[in-house]
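Consider the single chain below, provided in structure tokens and representing the form predicted alone.
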Amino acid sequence: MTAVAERTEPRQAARTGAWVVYRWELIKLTRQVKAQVVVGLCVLAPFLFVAALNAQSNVPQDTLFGRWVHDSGFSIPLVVLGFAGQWALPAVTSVVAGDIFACEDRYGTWKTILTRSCGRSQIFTGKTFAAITFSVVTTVLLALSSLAAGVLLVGRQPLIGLSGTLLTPGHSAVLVLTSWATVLLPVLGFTGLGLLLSVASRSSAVGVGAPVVIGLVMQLASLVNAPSAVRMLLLTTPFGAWHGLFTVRPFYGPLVQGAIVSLVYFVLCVGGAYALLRRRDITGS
């Protein structure tokens, strides 16, 4: 019994240490102005967007469902999703993920937080899950706020699908929420990229800014008609995989492919970040 207890104690301490770090990081996030601003924008921006659309007769016809923004409130969250996938979501996720490790280098606090009761693995796990939580929460808030803005300020009129069929309000709401749910995996992919750059560069500017730049470069590669094999490997491509849900016969191939690509990015980036942190000499930090 004693031997079993001795073997389980380190595991319990590891889980406890990671949980403590996770809770502390969440507390810090609730007090950070940048995190508060991002959350506020995710809630308010869709309402401001609809208010701006209602103040003019023009519609964003160059975007999917853009021509229906005055006819169905369910088109609003889809238009917002189209814009968000291009630049907003990579930027939102990198605000925390790109800074959560680099801030310890900036303030020189690594030796302070690395104690006997909380090692590198526990710190990495707690910080990573805090960054993931922020990314998921902000994405969900933006989705719900966009849907609420559309329904409250435009209405619950039926939505015309990509095949020209009329979708009932209930069906439209389900498809909208499902579409936003499909972008959670590429969001996590960019979260992992931010974590990797935060650890590798030790610079908040690089960790926060580089994922946005990389996302824009990937979008540009898609716009210039890069080979299909290249587009399949881009982390931004899964942000548009939801389009197949709005046809008469939905096709899920892009969703499955995008999910796999996003998971590969996430695993490789998080694994790389962990390997770099484990080997880093922090004695001088």
Partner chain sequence: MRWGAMRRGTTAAVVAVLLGTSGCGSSGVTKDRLNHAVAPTFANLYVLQQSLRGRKVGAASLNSKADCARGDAQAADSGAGNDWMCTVTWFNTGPDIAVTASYQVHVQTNGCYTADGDGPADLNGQQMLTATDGATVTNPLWQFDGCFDTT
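Positions refer to the first chain, counted from 1. All of these numbers come straight from a predicted model, not from anything done at the bench.
The same protein also exists as the form predicted in complex with its partner chain; that form is not shown, yet it is the one meant from here on.
Leu177, Leu162, Ala205, Val137 - the one with a heavy atom within 4.5 Å of its partner chain in the predicted complex: Looking at Leu177, Leu162, Ala205, Val137 one by one, just Leu162 meets the 4.5 Å heavy-atom criterion.
Which of 165-173, 73-81, 128-136, 183-191 lines the interface with its partner chain in the predicted complex (heavy atom within 4.5 Å): Careful reading of the contacts points to 165-173.
Close approach of Leu64 to its partner chain in the predicted complex, 4.5 Å, heavy atom: Yes, contact at 4.5 Å.
Exercise: Phe47 in contact with its partner chain in the predicted complex, heavy atom 4.5 Å: The answer is no: Phe47 has no heavy atom within 4.5 Å of its partner chain.
is_contact(Leu220, its partner chain) in the predicted complex, heavy atom dist at most 4.5 Å: It does not: once its partner chain is placed as it appears in the predicted complex, Leu220 has no heavy atom within 4.5 Å of it.
is_contact(Ser228, its partner chain) in the predicted complex, heavy atom dist at most 4.5 Å: Within the cut-off, so yes.
Candidate spot Ala35, Gly40 and Ala55, all three touching its partner chain in the predicted complex (heavy atom, 4.5 Å): No, none of Ala35, Gly40 and Ala55 comes within 4.5 Å of its partner chain in the predicted complex.
Within 264-282, the residues that have a heavy atom no more than 4.5 Å from its partner chain in the predicted complex: Residues within 4.5 Å: Val264, Leu268, Gly271, Gly272, Ala275.
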